[in-house]
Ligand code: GLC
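Single chain ahead, by itself, as structure tokens, in the form predicted alone.
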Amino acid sequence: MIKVLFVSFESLPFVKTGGLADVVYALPKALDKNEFEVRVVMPMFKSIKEKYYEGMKYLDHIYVHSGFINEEANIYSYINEGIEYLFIENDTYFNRDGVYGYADDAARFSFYNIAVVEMMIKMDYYPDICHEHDYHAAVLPALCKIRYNAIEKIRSIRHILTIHNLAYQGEYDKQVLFDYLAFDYKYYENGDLRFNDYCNFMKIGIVFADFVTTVSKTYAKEIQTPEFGNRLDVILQYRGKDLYGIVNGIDVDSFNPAKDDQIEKKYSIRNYLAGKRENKLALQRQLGLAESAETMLIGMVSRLTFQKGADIFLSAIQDILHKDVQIAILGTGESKHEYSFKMLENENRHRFVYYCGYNEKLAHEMYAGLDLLCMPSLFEPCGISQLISMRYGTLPLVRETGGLKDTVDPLNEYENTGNGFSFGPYSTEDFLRVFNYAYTQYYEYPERWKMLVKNAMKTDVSFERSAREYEELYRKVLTK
């Protein structure tokens, strides 16, 4: 049995700020349980303690002495859907309302990485593979190979770092390496831990992990270029032979229109026409839009940021509103975008609605009720929303970048293939061109639109295929 420890700051159902939580929740469940024994270790945040504490089992107590860090922590266990989650309880760093964005994040992340190693030692639990996720856990390979390398069982662990979004790297003052992580200065001096005279957690992980993965094949290529590499492209090129792109999936049990209690009417590919119609009408009623099953209903379920293409969508909105459409937006983001969407709602009552915030039930209702989901992202490592929307028969309109390019097959009307729409250059003109094309298909070629919806619902968006690729990589890293 191959023991794999997922090291992540978040996971459903406990805490989520983005797609990372979906992956850490779904992937362990999809791995072959006859070959892989998977555990997940994460911090015990305030919200987790409030909801799950009573059902947890106390396992052990550890001490973390590292530079200026002198803290204790308790280790708890919780079984969720057959997967054991290990929680590190420390009120100094984790008993807070939020997950990220604190002035002492460098100390918090450092403590977490060191606590994971100390936990393994205290519990005499040594996984064959540590699968670290994003920069919050990226220092762990260096700790095992430098600070704790005298312990043979620690030194023998293999490490896979998954980059979920390279835009976030964990860059701090170089003193973090010494004041919190207690590395010897020589590893900074020789360049192993240095990045432009700073400490960069992601860079350290890329250098010291045995393999590096990211969440789509296209994104794996993109991040090796100056345009998308966020200053780490040269280092990623250097690790190119050990860099893999494996596209994400979704938990198809949680996102299943045939069993979803959060939508108005459950449906499958056999009765999707009636199902989509009823969910659309229910969504229109709920949001205060004019009820019309025939009117094209488009929307976004997204963070409203430059990365997600909110600026392109806004620059195209007046052209779109001249057509026979309704628009629904769900999300938060940059204040200027939130203000613009709120003004549009005020000016276009019963045609445009903006829900500022995040509502899980409303998100499900939109995936089920929309006709078209727009994702005109500047870059998108993988993307989750387009996978969910296809599962529910809502066609995605995406820019051809990262995982969007890998998962959405644009309509080919000559071969009657495709499961959505896509455009290339990041421009308002190209977005509008493809939107107008989709608009024409919806109103003038209804049979073709139905074909696309069926294709979308038939698309394999599960984690099963991705899990098989990870399993192959786990076997491969153990022979490295």
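Residue numbers run from 1 along the displayed sequence. Note that the coordinates shown come from a computational prediction; the quantities given were computed from them, not determined experimentally.
Keep in mind the form predicted in complex with this ligand is missing from the figure; the text below concerns it.
Residue-level contacts in the model of the complex: of 205, 383, 376, 369, one residue has a heavy atom within 4.5 Å of this ligand, and it is 383. The partner is absent here, but in the model of the complex a heavy atom of 307, alone among 77, 149, 307, 332, sits within 4.5 Å of this ligand. Put simply, residue 160 is far from this ligand in the model of the complex: not one heavy atom of it is within 4.5 Å.
This ligand is not shown here, but in the model of the complex it comes within 4.5 Å of a heavy atom of residue 215. Contact check for residue 113: every heavy atom lies farther than 4.5 Å from this ligand in the model of the complex. Taking the partner from the other structure, this ligand in the model of the complex has no heavy atom within 4.5 Å of any heavy atom of residue 461. Contact with this ligand in the model of the complex, defined as any heavy atom within 4.5 Å, is confined among 113-121, 164-172, 358-366, 285-293 to 164-172.
Looking at this ligand in the model of the complex, residues 19, 248 and 303 each place a heavy atom within 4.5 Å of it.
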